[in-house]
Ligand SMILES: Cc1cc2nc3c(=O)[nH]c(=O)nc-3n(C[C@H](O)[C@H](O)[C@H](O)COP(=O)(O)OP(=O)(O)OC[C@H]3O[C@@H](n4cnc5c(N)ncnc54)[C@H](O)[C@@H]3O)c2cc1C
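This document starts with one chain, in the form predicted alone, laid out as structure tokens.
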């Protein structure tokens, strides 16, 4: 029997002793359930899966991994779109989906305390009877979990006005990569000292695993008004978006879909968007009723000024939900018009929307690869869906080329390679397009401070790990940070 096999059997036994045999999966076929997250292009079968029931069990699993010098990866609901929860073939996948208790809802403190497996929308449902809700709303909010939202700093349609997950998390209990349980932040509005909580949110499981999250609740608005505006082109819809923001109006959401995305949504959910639209905007305003009414009239006028040929105003919650149904189903809907697709995620200044969307159209035509655009227009967060058929020779490669060219386009216009999906496995190779080696090394110093052994979600975020002893891309000779006495290579 090989040493590796013996070590795995010993780790399996240790985990079963720590958290119970029924919470450790070792069967190959069962393990394949967890071979990827929402980005199915990358698949790795983990060596083991652990399903802790609480923070103490999660810490026990991490300590067992540390003792066995075995890498581990945290996973929530597995809805991520960057491969952030892709397992390690020789490691343990720690799945927090069974830690799903809402521990406290405290409207008087504008707070809720939840375990990481709690579904995003469940927080709002628990708070709504008190007149509150949880503002971040990823398109997958009916199935994504709070722990994963914290790891990826998830956004959503309403992040234009309300911000991302980081703006709504005020405290976490986490298990460090050493297996210790620590608290960052708390119930107070702003904890003293270095903003380690800010560093942890969005760290994609490389700095530890959240086991309890204190979130900020938001008062349900007095009034909500939603409209759907149809335009002949994305240029016109983009111009309307810029005009709305330039007028000093900050909607709760401004979402855009192009012709191809509209077609997919119609085929999937029959949302009844205006026929012949080259683009539609969904604009939602919320807040005090007099303010919403005044701003809503202004938004309608600005859409018309920018050549909207049809404007529909939601008469009730049911019609509002239908407007949103088409938008929130768009990612899954393209599966009806393409056997394979890449969900991309980049950010640009919203004033660059017309130029960037035109160039995406040109890239599509040049490579013979269709691209459906559906995105958060209000803050310039693009989600181009690059469509292809992997069964056709060369299409996968051309789709990846188009996908990379779109990210280059975002960076060249002063934007970013990701807005809310994270870097994970998929975009690590693009990090040098935004950051210098010194930038990346500085980020690694923080990672090494939390995880000197390099066991927490290794191989993610950074293209060439170094300083902590990860082999790929190891720098020869003494690293400048070491020479300056700022870091130690383990």
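Positions refer to the first chain, counted from 1. Just so it is clear, the structure is predicted and the values come from calculations on it, not from any experiment.
Beyond the structure shown, there is the form predicted together with the named molecule, which is absent from this document and is the topic of what follows.
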Check each of 209, 237, 283, 374 and return the one that places a heavy atom within 4.5 angstroms of the named molecule in the model of the complex.
-> 209
Assert contact residue (the named molecule, in the model of the complex, non-hydrogen atom within 4.5 Å, options 344, 241, 226, 140) equals 140
So in the model of the complex, does any heavy atom of residue 258 sit within 4.5 Å of the named molecule?
-> no
So in the model of the complex, does residue 447 come within 4.5 Å of the named molecule, heavy atom to heavy atom?
-> no
Does residue 303 make contact with the named molecule in the model of the complex, using a 4.5 Å heavy atom cut-off?
-> no
Is the gap between residue 295 and the named molecule in the model of the complex 4.5 Å or less for some heavy atom pair?
-> no
Answer among 105 to 113, 259 to 267, 307 to 315, 149 to 157 for heavy atoms within 4.5 Å of the named molecule in the model of the complex: the stretch 149 to 157
Quick one: which residues from 74 to 89 get a non-hydrogen atom within 4.5 Å of the named molecule in the model of the complex?
-> 74, 75, 76, 77, 78, 79, 80, 81, 84, 85
